[in-house]
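Next up: a single chain in structure tokens, the form predicted on its own.
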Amino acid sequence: MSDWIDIAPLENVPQRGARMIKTAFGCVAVFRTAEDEVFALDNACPHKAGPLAEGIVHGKSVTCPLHNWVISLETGEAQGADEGRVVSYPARVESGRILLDRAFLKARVAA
């Protein structure tokens, strides 16, 4: 069974936006879609480590603000002709709060 960390209220992340969250296990970019789905990825584009939390969220993707790479919020995979991947973390909304899976964040530190 997963142990979830309560990060913030959903309304703290704008629709089609993102926030960089500092946790005890490191920094994670948390994204919110227009449909109020939430996703969490490492905050560094696989191309040149651009800050993904500062990118443009569209559909279930984010475009890196540095070189326009498009990254899937669902898988962390670069889209189109680009190649690369960032780590994605389980995230969910419960009672209006954003939760991240603690076990996956801990595994990030151990890696």
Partner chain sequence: MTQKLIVIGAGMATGRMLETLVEAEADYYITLINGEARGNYNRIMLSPVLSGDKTYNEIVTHDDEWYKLYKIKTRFGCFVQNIDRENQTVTTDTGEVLAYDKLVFGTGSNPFMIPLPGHDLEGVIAYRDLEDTQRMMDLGPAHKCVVIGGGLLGLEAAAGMAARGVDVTVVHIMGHLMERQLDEAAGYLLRKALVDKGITVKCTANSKEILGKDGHVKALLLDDGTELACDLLVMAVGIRPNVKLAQDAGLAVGKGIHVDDQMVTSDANVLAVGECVEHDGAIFGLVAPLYDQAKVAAQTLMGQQAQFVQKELSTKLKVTGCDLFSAGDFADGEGREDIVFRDPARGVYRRLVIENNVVKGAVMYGDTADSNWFFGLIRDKLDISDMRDTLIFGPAYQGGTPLDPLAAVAALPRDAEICGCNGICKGQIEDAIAAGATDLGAVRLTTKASGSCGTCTGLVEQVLAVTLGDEFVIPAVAAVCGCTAMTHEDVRRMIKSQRLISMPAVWQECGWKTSCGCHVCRPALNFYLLADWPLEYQDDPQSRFINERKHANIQKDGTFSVVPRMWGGITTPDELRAIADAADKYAVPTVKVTGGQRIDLLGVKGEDLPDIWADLNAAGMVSGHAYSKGLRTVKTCVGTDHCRFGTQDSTGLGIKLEKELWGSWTPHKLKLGVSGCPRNCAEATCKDIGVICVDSGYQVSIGGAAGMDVRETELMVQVATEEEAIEVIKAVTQLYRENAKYLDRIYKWMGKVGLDWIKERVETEGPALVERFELSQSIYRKDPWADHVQTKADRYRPLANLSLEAAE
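Residue numbers count along the first chain shown, from 1. Just so we're on the same page, rigid core means the largest C-alpha set that superposes within 1.5 Å between forms. Please read all numbers here as calculations on a predicted model, not as lab measurements.
There is another form of the same protein, the form predicted together with its partner chain; it is not shown, and what comes next is about it.
Looking at its partner chain in the model of the complex, do all three of I5, T23 and H58 come within 4.5 Å of it through at least one heavy atom?
Checking in the model of the complex: I5, T23 and H58 are all within 4.5 Å of its partner chain.
P90 versus its partner chain, in the model of the complex: is there a non-hydrogen atom within 4.5 Å?
No, P90 sits far enough from its partner chain in the model of the complex that none of its heavy atoms falls within 4.5 Å.
Check whether N68 has any heavy atom within 4.5 Å of a heavy atom of its partner chain in the model of the complex, and answer yes or no.
N68: yes, in contact with its partner chain in the model of the complex.
S72, heavy atom within 4.5 angstroms of its partner chain in the model of the complex
Looking in the model of the complex, residue contacts with its partner chain do not include S72, since no heavy atom lies within 4.5 Å.
Flag E11 as yes or no: does it have a non-hydrogen atom within 4.5 angstroms of any non-hydrogen atom of its partner chain in the model of the complex?
Yes.
Core-superposed C-alpha of V93 shifting 2 Å or more between the shown form and the other one:
Shift at V93: below 2 Å after core fit.
Quick check on G26: with the core superposed, does its CA move 2 angstroms or more between the shown form and the other one?
Yes; G26 is a residue whose C-alpha shifts (by 2 Å or more) between the shown form and the other one when the cores are overlaid.
G26 to A49, Cα distance in the model of the complex relative to here: closer or farther, by 3 Å or more?
They are closer; the C-alpha distance drops by 3 Å or more in the model of the complex.
Out of closer and farther, which fits the Cα atoms of A49 and F25 in the model of the complex compared with this form, where the change is 3 Å or more?
Compared with the shown chain, A49-F25 is closer in the model of the complex.
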